[in-house]
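In what follows, one protein chain appears twice in different forms, each by itself as structure tokens: structure 1 and structure 2.
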Structure 1
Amino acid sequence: MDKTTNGYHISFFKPTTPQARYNRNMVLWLVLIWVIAIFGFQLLLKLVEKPTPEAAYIKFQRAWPQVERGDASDKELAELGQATLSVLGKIMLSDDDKTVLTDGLSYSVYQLTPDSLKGELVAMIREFEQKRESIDNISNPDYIAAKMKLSDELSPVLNLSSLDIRSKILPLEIKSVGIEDLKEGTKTNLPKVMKKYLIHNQSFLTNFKFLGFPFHYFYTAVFLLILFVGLCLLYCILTDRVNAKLNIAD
């Protein structure tokens, strides 16, 4: 604090008393730790990240060129159906993306069904759709029975075992209309949608586990908050010490 001929003056970066100097240094150190701990870590996370596909995406990529050309084998069609179900089971889906995915799923199941049974397949799905619309409660026994029957019928088509969670999602997502051909919109958008939901930014920081957490998640959600409390505690203790040392009363 300057009481020179220029008059009283306060500037954080130009302290003129021991207390102000000490305070400036302490604040700068704490802010530095704060900045590095918060933004430095996120920057590091960004720098080391590597787009990593899920297993479902690798299968999709393998099958998609053949599906697009219209000469996919049964195995490739099943892989397409399985991959779409892997995305349809996620909760962060937009409505538009969901439409593209259900189109892809329904198409793969339809193509895998023998021609003689296709009519029966559509009728079965339609019947389930009607039942689903008519019920008030999903615990309705008729509805549950119809859902299980559809799951049992369709899961083998996509080579899904009854222990695969996707077999439970299948009856809820398959459609009965417009499934004969792959629509142009679906053809264009399905690869984009799959890429959007099945490729993730991963690195050693996300793969390493700490107390059950992915490390980066623990660091941001738990550790940073501990650090904030710790920094505040440290500041108060140090300030009290300096004030005591310099005989400064509040």
Structure 2
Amino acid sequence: MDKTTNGYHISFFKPTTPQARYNRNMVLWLVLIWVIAIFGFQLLLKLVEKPTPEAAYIKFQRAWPQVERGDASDKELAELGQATLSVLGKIMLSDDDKTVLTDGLSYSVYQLTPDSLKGELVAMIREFEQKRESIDNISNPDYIAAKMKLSDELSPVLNLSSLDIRSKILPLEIKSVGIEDLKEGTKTNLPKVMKKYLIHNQSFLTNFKFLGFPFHYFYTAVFLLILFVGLCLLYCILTDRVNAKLNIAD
């Protein structure tokens, strides 16, 4: 078919009428605004962000050199255990990272326990592990009681109060196997794992709160949706105006 003689052929990018040209230009401008609003903000976030460590990472950095040398004080060992628990409480952890963190936590609790009670500590953790493996429902009363008992026994070792959420997960994360020594793999990888989960890129765009939300979250999750609806409404209004200007009726 000869397209040059087809009166119904319409090209968005090669308009032949004033209305079609106006429509193309308007759509391109609105798309450009939308692209700048999305990717411009992401670029701005990248430009102004700075790596910011959590308080747990600062404590870990302070304690780790002494722990690695084997001459850490009780305070430094407790800070190691608290810092590893802070990461273990996060939802998204790889299995390898969790193994390293668990090893660091278990080692710190074992080292903080008096020599005369170390055997009792291992037996207590092992007993809870066996209880945990034997149940098929975590609402089992005996399991809950055993978990609370172990939490009450171990939390004071790490200077955790009963109100500290980390005391609730402590029984679930500590392991009895290999608790006596810090594995070489843990020595190598624990600093990397802590850095991975406890240092975040932040800026005034992420720290500033707007309507109760961090601004970058509000902008991405709420404002961009409102902007999209607004651009659609603007397209309709401008289309009506140009139709009226060109005397085009429905």
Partner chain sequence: MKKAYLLLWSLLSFPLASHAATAATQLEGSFKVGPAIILITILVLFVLVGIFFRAKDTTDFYAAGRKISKVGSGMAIASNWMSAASFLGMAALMYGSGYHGLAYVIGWTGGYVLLLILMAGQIRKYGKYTAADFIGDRYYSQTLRAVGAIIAILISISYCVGQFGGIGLMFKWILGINYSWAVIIGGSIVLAYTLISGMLGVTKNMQIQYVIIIISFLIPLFILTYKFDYFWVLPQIGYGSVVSDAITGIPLSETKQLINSMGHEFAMVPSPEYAMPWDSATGKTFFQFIAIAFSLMIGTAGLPHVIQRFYVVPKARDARWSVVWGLFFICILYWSAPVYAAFGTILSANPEVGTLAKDAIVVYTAQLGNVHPLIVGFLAAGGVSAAFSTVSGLLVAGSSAFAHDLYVKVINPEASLKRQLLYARLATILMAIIISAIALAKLALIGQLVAVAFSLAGCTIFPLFLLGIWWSDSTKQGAIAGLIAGCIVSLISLSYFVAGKTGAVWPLHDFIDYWLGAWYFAWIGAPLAIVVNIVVSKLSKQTPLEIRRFLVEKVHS
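For residue numbers, the reference is structure 1: its sequence is counted from 1. Everything quoted here is computed from the prediction, not taken from an experiment. Superpose the two forms; the largest set of C-alphas matching within 1.5 Å is the rigid core.
S.K.: Of these two, which one is the form predicted on its own?
M.R.: That would be structure 2, which is the form predicted on its own.
S.K.: Would the C-alpha of V242 be classed as shifted by 2 Å or more between structure 1 and structure 2 after rigid-core alignment?
M.R.: After core superposition, the displacement of the V242 C-alpha between structure 1 and structure 2 stays below 2 Å, so no.
S.K.: State the core-superposed CA shift for T17 between structure 1 and structure 2, in Å to one decimal.
M.R.: With the rigid core fitted, the alpha carbon of T17 is displaced 5.4 Å between structure 1 and structure 2.
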